[in-house]
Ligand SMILES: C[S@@+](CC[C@H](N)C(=O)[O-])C[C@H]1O[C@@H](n2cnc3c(N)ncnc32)[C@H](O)[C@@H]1O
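Single chain ahead, by itself, as structure tokens, in the form predicted alone.
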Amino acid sequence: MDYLPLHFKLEGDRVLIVGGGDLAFNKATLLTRAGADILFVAPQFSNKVLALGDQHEFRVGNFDSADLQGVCLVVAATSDNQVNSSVAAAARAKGTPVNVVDAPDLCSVIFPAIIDRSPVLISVGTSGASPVLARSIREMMEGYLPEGIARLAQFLKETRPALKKRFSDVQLRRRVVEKFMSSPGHELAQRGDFSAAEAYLHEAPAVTGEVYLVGAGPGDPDLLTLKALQLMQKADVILYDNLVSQAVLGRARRDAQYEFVGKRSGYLSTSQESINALLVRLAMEGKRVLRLKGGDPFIFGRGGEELEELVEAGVPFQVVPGITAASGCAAYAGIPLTHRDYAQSVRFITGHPRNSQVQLPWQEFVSPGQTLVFYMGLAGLADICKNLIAHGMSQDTSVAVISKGTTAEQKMVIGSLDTVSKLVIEAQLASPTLIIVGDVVSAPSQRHEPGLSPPE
């Protein structure tokens, strides 16, 4: 995050704008709407700037560091880069936030694109990369906001003191409002019928815990399901492991309690039994618990074991499937898991070594016309290849090893059963990885040469 988005209350505060033309006018219009008292400094002012009113102060002349006295924000809005740089340097030296129009490198604050449905304000920024993009995003969001959103916000603002007095527990109060938002009351408030809407705020909801077993997908946050996103915003506590990417976690509710419960070979891990017990305990305390699991919770995610524990304890739950790693990683790598000319079936296999050995029914895997997908198989890759060859699979069979699939760090090595282990070591692939074995890897649509092949 390059900038921390904050909403400043400027009513009655003094702001310095250096400049007197169109650039200054555009910024001043926005600041005037926010209630700021503006000091303009410039050799001359346009009629538009002067027409902003008597509530502002105008000083004819060049910028002087004394102009910074008593101001809470500085805007450099001239067409002279040297002047703008001098203003920015003086403001920074004094510790005063400064915005330089069209010069993000000189800014300590930037002006976002704004959706103003006061008291609802939504700001959209691109860290100064592209104001046009920020405005385009704002336009897209405008269409999703109902016209009555401002009245709804005003209603919630007016009723908040009474709710705080009646429900001192913040978690309970939050659920009261959430229940209201899913009732007809919020639509009444949007229409301005506050008295009718208030009737839906009287009943306290039952405080019962619940667990959400949610598939986080293979890493790309855009692959999350809508249901997953909805529950990620409702949860009070979020339990996640090392297979859940930071980008995915960034889509979850920010003020939730986060707990890492990772299990990783060779490191201190949280046992599955401890995770099961934690889920039950938190739910019994009335918490809404999100168990966020990489891929799909029911495909090598041990979600079934957690579900059994919840059922036995009588804890309500929801299960939300996710795009499993096999589907997501193969798609992003351009490998069809099935192709009518090469494979008529797919087999998902755990490649995680047990007692340093990968013990599997190898003879079943060498049948023609199938694709094998090994999860968690990086440590056992050499054994996987050795056993497949020993049980009759051609050593020339194509193999793809995908690291951190669907993310910006995705890397892929393509080789054969007798070469891929060496290639993976040379490429220094890191977990999590997925191994795909079969003729689909070398299908003509792939067009990959053996070796390291980064995603486009």
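A residue's number is simply how far along the shown sequence it sits, counting from 1. It should be emphasised that the depicted structure is a prediction, and the values quoted were computed from it without experimental measurement.
We do not show the form predicted in complex with this ligand, though everything after this point is about it.
Interface membership of D296, defined by any non-hydrogen atom within 4.5 Å of this ligand in the model of the complex, is confirmed. At least one heavy atom of P432 is located within 4.5 Å of this ligand in the model of the complex.
This ligand in the model of the complex comes within 4.5 Å of a heavy atom belonging to G301.
The shortest heavy atom separation between L243 and this ligand in the model of the complex is within 4.5 Å. The contact residue chosen from A189, C329, L292, V75 relative to this ligand in the model of the complex is C329, the criterion being a non-hydrogen atom within 4.5 angstroms. For the options V87, A325, V211, V214, the one in contact with this ligand in the model of the complex, meaning a heavy atom within 4.5 Å, is A325. Note on the interface: of 401-409, 38-46, 52-60, 417-425, the segment with non-hydrogen atoms within 4.5 angstroms of this ligand in the model of the complex is 401-409.
In the model of the complex, this ligand lies within 4.5 angstroms of a heavy atom of only one residue of 209-223, namely P218.
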